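Just one chain follows, in the form predicted on its own, and it is written as structure tokens.
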């Protein structure tokens, strides 16, 4: 049974799990869902302040680029962190009730998607205001952002499937993932653009091509190219490969998860 057909067949369970995750995420919090927007917004302000300190060293700051990068990054991190603990955190459900186990990571990723869509409304408003103050406006490419979100969601789901299954068998997974995320942040253009990379790499074109193999580099850069007028996506061999191999990872993650999920109950 394919992922789509499974989701449709168990849509009521999937919807209940998504609602439960959304309700429990900020249960007892005074601001509730507002934290969905406040967290990445606060992070963006910190990065802007930090980069302001480097202005004397020739660092060019575009607030709209940082906001877009941080909000997209937050979507991926939320999906990974929620997905990694979704099986171990639902041990009783997995051991007592039969249903396709892929429903659980799918539900937390759909929950992360809903949060991101809420964040995106605020993000688009902020970017529009910033661009307007500079005499510009959102690019017409903004209408294609939903297509990019679908690809982004697929990439996030593949990471969630891999980490969720691995965390059942190896509880050190969460520690390794934490270290990986810390390193991944700095090699992804979250708080800087590719122009800074060009300045640092100089004539070493191979470093740029290697950097473009990072799917999150492509995703964040594509978000910026679609929304900010004058931004052009830097197509290259590395970029083409970078767009293709996450699809292979997604297929591999589905196979890996399906083969390992049959033993989840024994290990929980």
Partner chain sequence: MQNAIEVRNLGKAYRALGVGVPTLYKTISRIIQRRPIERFWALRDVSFDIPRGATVGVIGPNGSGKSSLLGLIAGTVTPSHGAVKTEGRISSLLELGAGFHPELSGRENAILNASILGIPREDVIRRMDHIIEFAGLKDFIDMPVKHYSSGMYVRLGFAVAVEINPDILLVDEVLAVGDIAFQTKCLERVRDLQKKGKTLLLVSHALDTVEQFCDDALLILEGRLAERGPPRDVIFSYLKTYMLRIGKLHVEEYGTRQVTIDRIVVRNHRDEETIQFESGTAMHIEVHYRANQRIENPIFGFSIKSADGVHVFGSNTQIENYPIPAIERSGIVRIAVDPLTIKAGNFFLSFAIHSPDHKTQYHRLEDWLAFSVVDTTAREGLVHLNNQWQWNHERQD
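Note that the structure is predicted; figures quoted are calculated from it, not measured. Residue numbers count along the first chain shown, from 1.
This protein has a second form, the form predicted together with its partner chain, left out of what is shown; the following refers to that one.
Novice: Of these, 163 to 171, 78 to 86, 189 to 197, 138 to 146, which stretch puts a heavy atom within 4.5 angstroms of its partner chain in the predicted complex?
Specialist: The contacting stretch is 163 to 171.
Novice: Can you tell me whether residue 99 touches its partner chain? I mean in the predicted complex, with a 4.5 angstroms heavy atom cut-off.
Specialist: Yes, contact at 4.5 Å.
Novice: Looking in the predicted complex, any heavy atom of residue 124 within 4.5 Å of its partner chain?
Specialist: Close contact is absent here: in the predicted complex, residue 124 is far from its partner chain, nothing within 4.5 Å, heavy atoms only.
Novice: Any of the heavy atoms of residue 131 lying within 4.5 Å of its partner chain in the predicted complex?
Specialist: Outside the cut-off, so no.
Novice: Is residue 182 a contact residue for its partner chain in the predicted complex, using a 4.5 Å heavy atom cut-off?
Specialist: Outside the cut-off, so no.
Novice: Check, residue by residue, if 20, 23 and 263 all come within 4.5 Å of its partner chain in the predicted complex, counting heavy atoms only.
Specialist: Yes: each residue has a heavy atom within 4.5 Å of the partner.
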